[in-house]
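The chain that follows stands alone, in the form predicted alone, written as structure tokens.
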């Protein structure tokens, strides 16, 4: 029964990490920017939602405003930071350092406003337990799985069935050709980062709703998302999502045989070995 509970917990955690992974993968595969500040958007989403929930805002309003705020922040970072650096022909290393700086600013501003202490959401229904076949889950965990699968499916549909999605794929495949055919890559980059920020807002809300808020909690999910993106195949939405779930399940099941403090390190070690033998990832790069 313990193994089953750990497996289910891994699926819940992996579903949330999967959204972080596919959002980061979309941004990186299109803009070729290692958007470390994405962890700051993830963290910011939780605090925006907490602020609204604390003031009695309805859940649907909290979700809508948080997603909109996350999209605005992502678009602002792309338009006012990355695009300006690109116009100045900054190297990828300079852009990475700038993104790290943006993350540090966001984290410290949040810590200064809200304190570095753990905050709990004032949402009573989120912590209520449900027993399903001997497995105990909170309503937040159930909602996390449902929302993650829905967002994954919506992302796949958007990039394959809509004109904007196809334009984004075209820009990701060949930015130069997209420029001369007037697809306006810089505008597409802003849209992609905004979409990725909207996607990451969901786990940014749901994970803290279950575990609590901290200003510096976004880095570990982003690290896991990076591993999932690479192992799943850069540019593969399905690959990133599936590998993120696999990492989380492996980490949880490893608790049966090793102490918790070793689980993350050993899991990443296994994936490093995996990447040595299949550096292109498990899945094809096609979206």
Partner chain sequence: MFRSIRFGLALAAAGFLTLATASAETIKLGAILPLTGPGGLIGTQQQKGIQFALDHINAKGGVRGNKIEVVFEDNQAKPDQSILSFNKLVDLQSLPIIFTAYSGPSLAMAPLATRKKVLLVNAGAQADALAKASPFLINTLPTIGDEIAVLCQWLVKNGKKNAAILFENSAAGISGRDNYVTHFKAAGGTIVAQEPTQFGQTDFRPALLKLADAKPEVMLVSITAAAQQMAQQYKQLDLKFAVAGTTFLQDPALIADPAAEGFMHTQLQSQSPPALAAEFKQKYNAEMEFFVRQYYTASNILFAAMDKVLEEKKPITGENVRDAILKIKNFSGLVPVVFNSNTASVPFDLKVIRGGHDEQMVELKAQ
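Positions refer to the first chain, counted from 1. Note that the structure is predicted; figures quoted are calculated from it, not measured.
A second form of this protein, the form predicted together with the partner chain, is not displayed here; the remarks below concern that form.
In short, of 146-154, 194-202, 67-75, 110-118 it is 110-118 that has heavy atoms within 4.5 Å of the partner chain in the predicted bound form.
Although the partner is absent here, residue 258 sits close enough that one of its heavy atoms falls within 4.5 Å of the partner chain in the predicted bound form.
With a 4.5 Å cutoff on heavy atoms, residue 11 does not count as touching the partner chain in the predicted bound form; it lies far away.
Looking at residue 211, you'd find a heavy atom of it within 4.5 angstroms of the partner chain in the predicted bound form.
The closest heavy atom approach of residue 138 to the partner chain in the predicted bound form falls within 4.5 Å.
Taking a 4.5 Å heavy atom cutoff to the partner chain in the predicted bound form, the contact residue among 252, 236, 30, 62 is 252. The putative spot formed by 26, 142 and 245 is not touched by the partner chain in the predicted bound form; no residue has a non-hydrogen atom within 4.5 angstroms of it.
With contact defined as any non-hydrogen atom lying within 4.5 angstroms of the partner chain in the predicted bound form, the contacting residues in 1-24 are 2, 5, 6, 9, 13, given in sequence order.
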